[in-house]
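What follows is a single chain, given as structure tokens, in the form predicted alone.
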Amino acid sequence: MIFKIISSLLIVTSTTMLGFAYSNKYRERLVQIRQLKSIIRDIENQIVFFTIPIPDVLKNISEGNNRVCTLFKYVYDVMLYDRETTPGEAFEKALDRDINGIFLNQDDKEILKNFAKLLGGSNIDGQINSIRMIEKQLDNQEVSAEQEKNKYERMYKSIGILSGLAIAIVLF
């Protein structure tokens, strides 16, 4: 009897943890899009007010301590080791690589790739226009991510708990 109770508790706990872990990606995506918007604003400030070259901007951004900054660190590393690599090519390599803890979906990655292709390819006014366009696209992605989070986060948590209870009841 005690064995059945303990095994049932383990099953419910493990399925609940799976449900929470799976729902976490929706919350993390929203957080990372907001971090990305903040980084884009920081890039704009560094370009406009301090006229810092793009590789140095990427280096400054990569020194941050959130998950999205690790993406920029990888881009900076690619550009550091291959000096002929453009920011667009470096972002392409970074986004095609599966970086642990990055929860951006394919649309988010395409926006970033388009941003990187425009980065450093024009004068300051052209880059500001590109940054504003990317900010609007990220605003739309943020709304979409928030809707997905509200829709799926609670559902996966509930599925985790309820499936564990169902398995425990069937086995008990």
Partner chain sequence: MNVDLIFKIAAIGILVAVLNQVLIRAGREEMAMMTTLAGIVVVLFMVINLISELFETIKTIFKLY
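These numbers come from a predicted model, not from an experiment. Positions refer to the first chain, counted from 1.
The discussion below concerns the form predicted together with the partner chain, not included here.
Taken together, the three residues 158, 169 and 172 all come within 4.5 Å of the partner chain in the predicted complex, as judged by their closest heavy atom. Among heavy atoms of residue 18, none comes within 4.5 Å of the partner chain in the predicted complex. Heavy atoms of residue 22 never reach within 4.5 Å of the partner chain in the predicted complex, leaving it off the interface. Interface residue remark: residue 9 is not counted as part of the site for the partner chain in the predicted complex, having no heavy atom within 4.5 Å.
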